[in-house]
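Presented below, as C-alpha cells, is a lone chain in the form predicted on its own.
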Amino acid sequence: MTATPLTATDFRHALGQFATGVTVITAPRPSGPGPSQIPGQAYGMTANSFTSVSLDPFLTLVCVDQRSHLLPLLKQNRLFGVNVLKEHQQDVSIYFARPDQTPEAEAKLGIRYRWTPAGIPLLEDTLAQIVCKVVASYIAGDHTIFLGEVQSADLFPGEPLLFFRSHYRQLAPPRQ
C-alpha cells in the first residue's frame, strides 16, 4: 500500500474530528507610547486551541498564531483572560476571530467587559472566566504556546458553544 503525503487540508480535516469548546482569549490593548493602558480598551482572539495542563499547580495552555495581534499583548502583559463562550455566542466568536476590532462593532454585538483589579478584561455573559499569568512560552511551528498559571476562575450557568468539523454546534439534551 502506497501512502499519499499528508496535506494541510488533510491535517485540518483530521483535527476537525475533535470537538472543542470555544473560548476568547482577552488582554488589555496598549493606549499608545509607554506602558499605560486606557480602561475599557481590550483585544480578544477566538481560540479552540485551549486546554488544561495541570491540577498542581493549576495550569492551562493556549496556542497563538505568530501573525495574531494578541501575540505581542501576551508577551508584554504576561496576563490574559480566558472566556468560555455560551451556546448563543456564535457571533461573538466570529467577531473575535477577525483581526479588526472596534468599540462600535462591540457595542453593536452587545459585548461588555468586566475588568479585574489586575487590569485584565473578561467578557461578560460567558460560561466561565479564567485569569492566567504567563509562566512560559514556546515557539512551535507557526504558533507560540503560552502556558498560563490560573489566578482565578468564575463559573456561570449555561451551555457551551462547541466547534466540530468546521461548524458551530450545541450540546444535545441528555437521553432519558
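The first residue of the shown sequence is 1; numbering continues from there. Not measured: the values here are computed from a predicted model.
There is another form of this protein, the form predicted in complex with a small molecule, and it is not shown here; the text below is about that form.
At a distance threshold of 4.5 angstroms between non-hydrogen atoms, P99 is in contact with the small molecule in the predicted bound form. Proximity of H143 to the small molecule in the predicted bound form: non-hydrogen atoms within 4.5 Å are present. The small molecule is not shown here, but in the predicted bound form it comes within 4.5 Å of a heavy atom of Y43. Remark: C63 counts among the residues lining the small molecule in the predicted bound form, judged by a heavy atom distance of 4.5 Å or less. Site annotation in the predicted bound form: the residue of A47, I111, L127, L122 reaching within 4.5 Å of the small molecule with a heavy atom is A47.
Think of it this way: in the predicted bound form, the small molecule has a heavy atom of just one of S137, S68, Q151, T116 within 4.5 Å, and the residue is S68.
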